[in-house]
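Form predicted on its own, single chain, as structure tokens, below.
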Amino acid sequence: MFISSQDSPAAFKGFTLVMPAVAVGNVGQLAVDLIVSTLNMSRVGYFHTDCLIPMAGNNPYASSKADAEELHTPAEVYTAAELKLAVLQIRAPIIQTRSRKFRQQLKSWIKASGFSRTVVLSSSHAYQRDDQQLQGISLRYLMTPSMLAASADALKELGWREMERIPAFPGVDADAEPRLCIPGGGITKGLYTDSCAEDLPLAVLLLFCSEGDNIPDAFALVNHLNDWLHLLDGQSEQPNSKWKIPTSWSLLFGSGIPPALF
């Protein structure tokens, strides 16, 4: 449930919501980090749920000592009112047995808030790609029917590829109906399927990737998103330089190897 940090709940009617799926490489969360940090978005509340592993920490977007010790929670909402953009950042894994409940809570909040569209940033295991998924760039999209109708022209201009449906057992049963499969994608498939059934305007942007240093994947995903939503103006020969890296990224791989080991 959304709890506002202001006197009255944020008015999200007509806003675009961007949120990550907790998926392989945490690419969605890293991409959202870049959006919040670069746009200097304001924290307006948090998403209170018992479906995420409870945790708390310092301000991941601290710009000075004064705000570095602010307490932050696993799921928080940020806005850039001038862009009519809201972001839900999720920093903790979903408790496996509560995945369905978490999806239901998200859908209820999305409906009640009046978002015009929702964009889920996700990822999927690169090593489990079907042969046809090896073609072209590693980006794929999924859109619910209502979202697809509103975005058809933009998709044609962008030239993106829709996530391919693949056989359940490739090479075994040639007549089997292809199905949507997003290995390593967390709640991505479930949230998309639910949104199709309820006709929510929702899009999924995902990258095929592997575990490791996924910062390049995050930059690639957020640049694709920017090509569509135009969050940042202007073109650049080095598109990654447009994004501001948050202070929390300095500890992505820990604090370094202790010299005492040597």
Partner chain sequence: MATFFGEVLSVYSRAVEEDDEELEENEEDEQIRRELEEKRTVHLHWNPEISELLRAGNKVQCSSFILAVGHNAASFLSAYILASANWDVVGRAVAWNEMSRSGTGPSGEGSACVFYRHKDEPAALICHVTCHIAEDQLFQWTEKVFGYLQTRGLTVTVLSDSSVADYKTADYLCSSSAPFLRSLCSSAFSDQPVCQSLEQPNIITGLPAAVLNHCQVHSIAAAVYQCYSDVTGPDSITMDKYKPVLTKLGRSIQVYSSQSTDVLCKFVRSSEIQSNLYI
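Positions refer to the first chain, counted from 1. What you are looking at is a predicted structure, and each value in this text was computed from that prediction instead of being measured.
There is another form of this protein, the form predicted together with its partner chain, and it is not shown here; the text below is about that form.
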All of H48, S99 and S248 within 4.5 Å of its partner chain in the predicted bound form, heavy atom check: yes
Interface segment, criterion being heavy atoms within 4.5 Å of its partner chain in the predicted bound form, picked from 72-80, 130-138, 107-115, 154-162: 72-80
4.5 Å heavy atom contact, T38 and its partner chain in the predicted bound form: no
4.5 Å heavy atom contact, M55 and its partner chain in the predicted bound form: yes
Its partner chain contact in the predicted bound form: V119, any heavy atom under 4.5 Å: no
Contact label in the predicted bound form: E211 to its partner chain, heavy atom within 4.5 Å: yes
In the predicted bound form, the one of N226, N59, S42, S63 near its partner chain [non-hydrogen atom within 4.5 angstroms]: N59
Contacts with its partner chain in the predicted bound form - residues in 115-152 whose heavy atoms fall within 4.5 Å: H125
